[in-house]
Ligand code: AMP
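Only one chain is given next, in structure tokens, and it is the form predicted alone.
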Amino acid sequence: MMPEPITFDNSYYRLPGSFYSNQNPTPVSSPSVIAVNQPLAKEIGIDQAFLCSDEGLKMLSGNTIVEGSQPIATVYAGYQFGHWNPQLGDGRAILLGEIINNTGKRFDLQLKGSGPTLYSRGGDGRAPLGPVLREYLVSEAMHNLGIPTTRGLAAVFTGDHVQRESPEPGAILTRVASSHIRFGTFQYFAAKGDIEALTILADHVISRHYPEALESANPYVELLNEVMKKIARLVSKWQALGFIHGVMNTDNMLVCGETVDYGPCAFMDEFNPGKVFSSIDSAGRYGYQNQPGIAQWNLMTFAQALLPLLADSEEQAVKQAQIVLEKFPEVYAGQYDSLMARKIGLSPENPAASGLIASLLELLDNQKLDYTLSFRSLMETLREEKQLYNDDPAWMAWNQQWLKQFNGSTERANALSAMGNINPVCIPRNHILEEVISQTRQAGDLSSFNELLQALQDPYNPKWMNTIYAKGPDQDQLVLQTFCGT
């Protein structure tokens, strides 16, 4: 059978020309496949045989524009580390188009690292191999950990080198998202005072992501409310799993509520509320404990962009925005508290849960214990009815209070089952990612990449317990900084 071609339906391309620039990818010399995400291809309705064909490789590398694709680079603005930049845009990414799967859901198909665009600001528009491998692996882990995220459909070698501090192998990631529309997309038009474009964009987002908002008295206020709730839920999941995004600029916040741009991101090893990995975050603005507050700040700037649409007068628009934004702490806390209660096997309604979580995190911080491993260790405590760290009075007191919450073997069995579904065995740890990237870069050997990918696609499975993927780093393996890769 001949592979079935992709059927595109490009709604963003049908918006006014001020939203983007037409931009073909720049061809590469000798592309070859690193990975094709077959489960994702099936989910979004792309024929896997096409992706694995010569024609598929040509599309994934930017060497061919397939029929129906209308490649564009989108424009946006953004607050970067709190400072306003009036024009950014896709500097090394090109949106090939949109596809609709058999359930009616729409997805963007984007090449990242496919060459310069109108918005590259002097950059080469390319991606080194390391950041492409990192984003593919971490985004796939995020999806399987239950965190809303953009995902890698494919990764390819380009056969060309990219010049950074030294020449590095080049690669291209094919990224899938519900859309790539950012807070900064709205901010770009708001800053220009282009209310017509702002209205068109808001209507497009409502139609695409939040059609239920059309039933409310004020669809634009409801748009803000829905985005607020999506971001609150997203960041609560980041916090519960110890994920640090590293560059929460408003151009890296999607209105669909999916995680995007895995540059200097990292999962914590030892618990530290102030932890910062990103080499470009010298002031710690985007540290772990700051993420909920930054999310609310970003939402505030998104609301500012929407003000002309929220009400006839600015005063009334500000009031409408404040009403929505003031709900963020409660929505976030409700989501986070529920997740953390489940991580220790308790119902969110249990009045002891919040106190137990707070004292547990204090213990982890004071004793510099591994965040992920500690929650898995609690499962062993519950299963074997023996206390964790018996020689430590603080731990003994905590264990005693915690174990009192379970009455009988049935409650313990139910708690263990719940804990097993929310506390991963393995996460994409920094030291393992670095080792996999190094091996692939130096030898072109994909075996370690594929082995790690297999683990990250099934991160709650106890079969990984006695493998390197479930082990924290030794002292000489610690990764202290992560880098953007642009």
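Not measured: the values here are computed from a predicted model. All residue numbers are counted from 1 along the displayed sequence.
Only in words, not in the display: the form predicted in complex with the named molecule, which the text now covers.
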Exercise for the section: State the residue from Gly78, Pro292, Gly97, Gly89 whose non-hydrogen atoms include one within 4.5 Å of the named molecule in the predicted complex. Expected result: Gly89
Problem - in the predicted complex, the one of Arg134, Arg126, Lys237, His180 near the named molecule [non-hydrogen atom within 4.5 angstroms] - result: Arg126
Fill in the blank from the handout: TL;DR on 247 to 255, 284 to 292, 307 to 315, 336 to 344: the one with heavy atoms within 4.5 Å of the named molecule in the predicted complex is 247 to 255
Practice task
Spell out, yes or no, whether the shortest heavy atom distance between Arg164 and the named molecule in the predicted complex is within 4.5 Å.
Solution key: yes
Handout entry: Distance check, Ser120 to the named molecule in the predicted complex, heavy atom within 4.5 Å
Key = yes
Practice task
Answer with yes or no whether Glu226 is in contact with the named molecule in the predicted complex, where contact means some heavy atom within 4.5 Å.
Solution key: no
Problem - Asp269: touches the named molecule in the predicted complex, heavy atom cutoff 4.5 angstroms - result: no
Fill in the blank from the handout: Of the residues spanning 229 to 250, the ones with some heavy atom within 4.5 Å of the named molecule in the predicted complex are none
